[in-house]
Ligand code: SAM
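Presented below, as structure tokens, is a lone chain in the form predicted alone.
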Amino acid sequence: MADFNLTRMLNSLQNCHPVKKSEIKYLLGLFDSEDISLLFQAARNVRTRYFGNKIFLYGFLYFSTYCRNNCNFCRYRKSNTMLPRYRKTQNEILAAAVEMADSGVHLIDLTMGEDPELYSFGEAGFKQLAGMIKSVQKETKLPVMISPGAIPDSVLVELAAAKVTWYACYQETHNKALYKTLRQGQGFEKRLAKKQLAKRIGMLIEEGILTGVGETLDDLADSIIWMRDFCVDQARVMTFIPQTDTPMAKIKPQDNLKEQVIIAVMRLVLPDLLIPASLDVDGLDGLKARLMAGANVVTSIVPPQKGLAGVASHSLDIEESRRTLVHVLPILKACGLEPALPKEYLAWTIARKKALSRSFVKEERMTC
């Protein structure tokens, strides 16, 4: 086994030196509390270098909980017939989006299951979706992230042309065998291809992985390396929460410390990317720990009294108004952090797109 020196490794990573897979695995496997504290401090140092003390804030709007898929980890899977579901109207979606924009978020995250009401009609079924997304952009004047599943290529092209900033389409894992057990009946390569297309047509990409679903340190390291090599723009990890009425309901929940360690390792390997601290797993009570591990985005901010759900935890802290900026901002202050200005977030996305565009042109010239 390789002889690793943690202090030397962390110093090297803080100075942007290349990292080996064996080193990523070593960091992911840390368990001593003092070693983990050093890891978190190094991650915060890197975050400060690239982002100062500024944190970005994302409003989350899960506008349809109907889905045609049977993901084994998800309570909104098609086979869960006991679950109450909803489809929000365009007016309801706009009202919630405007409320979030007025509260001070920097982006509206529009998420849905692969709703059969849209997917059953092919490209024609997405006209209403595209219209709604454009209305949200117009009314809020904020960047938008869409997470609608593996939508048709033509719809992606239309949304990119309409200046939709972000496309999120998570693999959950980059181990194909594990993927098959999680996203039953869905093509691994198909989801990758959607991200590749979105990237080519100028959209920023968020990739996401689950932890606590039977993955190994090798799997986690491979996912982080994949995200680095693909040049994703936002890298997310979330702890799996077993859901009733699903095939994975009896899996023993994992301690969320592993998620924090993965956030910190992502920060060191992907220093200039956006890395979320989600309110969807542990709610407001878990926010500080994720920020102290190096996250620089707070996601899943949800307005109350709108009948909206989360994904991992469908109701956690929502109706108690604990997933609003009123409660999030004091946590930021306690961590020595503060919300970025909307123009600072917009400037980051513009700069990121320009840098990726230059890189893409360079790659194209090299292959000619």
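For every residue, the number given is its place in the sequence shown, counted from 1. Everything numeric here is computed off the predicted structure, so don't read it as measured data.
The form predicted together with this ligand exists for this protein as well; it is not shown, and the discussion that follows is about that form.
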- With the partner omitted here, the residue among P271, G212, G283, G149 that in the predicted complex has a heavy atom within 4.5 Å of this ligand is G149
- Of the residues A289, L178, A96, C74, which one places a heavy atom within 4.5 Å of this ligand in the predicted complex? C74
- Each of K25, L38 and A43 near this ligand in the predicted complex, meaning some heavy atom within 4.5 Å? no
- Stretch in contact in the predicted complex with this ligand, which is absent here, among 168 to 176, 88 to 96, 117 to 125, 216 to 224 (heavy atoms within 4.5 Å): 168 to 176
- Task: Tell me, yes or no, whether R183 is in contact with this ligand in the predicted complex, where a contact means a heavy atom of each within 4.5 Å.
- Result: yes
- Message: Contact with this ligand in the predicted complex for T239, defined as at least one heavy atom pair within 4.5 Å: yes or no?
- Response: yes
- Message: Contact with this ligand in the predicted complex for G294, defined as at least one heavy atom pair within 4.5 Å: yes or no?
- Response: no
- Message: Please tell me whether any heavy atom belonging to A312 falls inside 4.5 Å of a heavy atom of this ligand, as the geometry stands in the predicted complex.
- Response: yes
- Message: If you apply a 4.5 angstroms heavy atom cut-off, which residues in 100 to 118 are near this ligand in the predicted complex?
- Response: T111, M112, G113, E114
